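Below sits a lone chain in structure tokens, taken as the form predicted alone.
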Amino acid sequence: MASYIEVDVKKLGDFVTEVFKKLNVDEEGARVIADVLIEADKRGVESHGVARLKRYVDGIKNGVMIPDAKPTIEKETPVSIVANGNGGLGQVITYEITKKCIEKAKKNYMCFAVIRNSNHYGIAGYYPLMALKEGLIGISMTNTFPLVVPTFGKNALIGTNPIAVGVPADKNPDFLLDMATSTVPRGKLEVYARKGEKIPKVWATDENGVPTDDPQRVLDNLKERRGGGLLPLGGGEELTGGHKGYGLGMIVEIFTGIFSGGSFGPFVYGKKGQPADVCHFVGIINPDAFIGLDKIKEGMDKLQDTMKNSEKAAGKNRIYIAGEKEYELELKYKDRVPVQDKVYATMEEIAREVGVNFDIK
């Protein structure tokens, strides 16, 4: 059973920032990465929080993540951007392009951007959150390392490929759906493996394509590309709707890898020792393109209230809206956030390794 250590949010942010600065990331970029990681932990998405720090530190040291890379815009219209991430850190690259998208959407009602040659960008929901803070609608997608087997397939060929959509509300929390198109993301398996717990057999298959409850076995197979992987949303059969999750995953591959001219499917992370060529999609929509912010907020409140105030199933006392649980956790963890003891120990090792002070309590 895993145990948790509560840490100070500001101190944790300063620590993560200093780690990246030691690795030649500039101050602004280091702050962005820290904010994305800690936002995940505050929202209860520990699979994408500071548990990922070692992955980025190793990526920079191994030369597959370029610490000082900035995005370059290869094509631009009043409502679109095609960008090259130049092998940089996904959070920094996507943050910069999302800011540009927001500027365009404010002037021209909407903007859609695609980014190629990037790396893992953290929680997909972070970029719609940027839009929500500006009273705008946000969409974010990314392809990933090939972790998911297609329906009726044996080998992992597409990513967990999350989709995130944020729409402003008024009296209720903003709507924010942030979901993988697989049953679960890889990070969820990592959490279970760290805890030494078994996973449900509808989550993943072993190297022979047979459902398994051993998360470490799945992770090892994926790392070595020995076969098997995560299942699409809906599981491994058409009867349970697995083909729908598979189709959604394909849409993300199209919007990110195909539209940007970058890698897709099994070709992401295709060259060992080189940048991963992860691809992203960001969409920002100004409510004034439709019925305006106030009326959209009014409609969102009515929609949410209709769901929440409807009759509950037997034994249930609450209906949730996408993003509501995470919103409530963020309020709870505003100043202090729990991190798993193993993650805490890893951060302590990183602090010694790169030479920064480790004082996060």
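Being a predicted model, the structure only gives us computed values, none of them experimental. From 1 onward, residues are counted along the sequence shown. Rigid core here is just the name for the largest C-alpha set that superposes within 1.5 Å across the two forms.
This next part talks about the form predicted together with a further copy of the same chain, which is not shown.
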> Among 122-130, 86-94, 270-278, 235-243, which stretch has residues with heavy atoms no more than 4.5 Å from a further copy of the same chain in the predicted bound form?
Replying inline: 235-243
>> Taking a further copy of the same chain in the predicted bound form, would Gly153, Phe175 and Ile254 all count as contacting it (heavy atom within 4.5 Å)?
In response: yes
> Within a 4.5 Å heavy atom cut-off, is Thr212 in contact with a further copy of the same chain in the predicted bound form?
Replying inline: no
> Is there a heavy atom of Gly135 lying 4.5 Å or less from a heavy atom of a further copy of the same chain in the predicted bound form?
Replying inline: no
> Can Asp288 be called a contact residue for a further copy of the same chain in the predicted bound form at 4.5 Å between heavy atoms?
Replying inline: yes
> Does Val64 make contact with a further copy of the same chain in the predicted bound form, using a 4.5 Å heavy atom cut-off?
Replying inline: no
> Which listed residue (Val82, Leu219, Ala169, Ile102) meets the criterion of a heavy atom within 4.5 Å of a further copy of the same chain in the predicted bound form?
Replying inline: Val82
>> Using a 4.5 Å heavy atom cut-off, which residue among Met300, Leu53, Ile38, Val32 comes into contact with a further copy of the same chain in the predicted bound form?
In response: Met300
>> Residue by residue through 107-140, which ones have a non-hydrogen atom no more than 4.5 angstroms from a further copy of the same chain in the predicted bound form?
In response: Asn108, Tyr109, Met110, Phe112, Val114, Ile137, Ile139
> Does Arg116 move its CA by 2 angstroms or more between the shown form and the other one when the core is aligned?
Replying inline: no
> Just checking, between the shown form and the other one and with the core aligned, does Pro211 shift 2 Å or more at the CA?
Replying inline: yes
> Rigid core fitted, then: does Leu189 show a CA shift of 2 angstroms or greater between the shown form and the other one?
Replying inline: yes
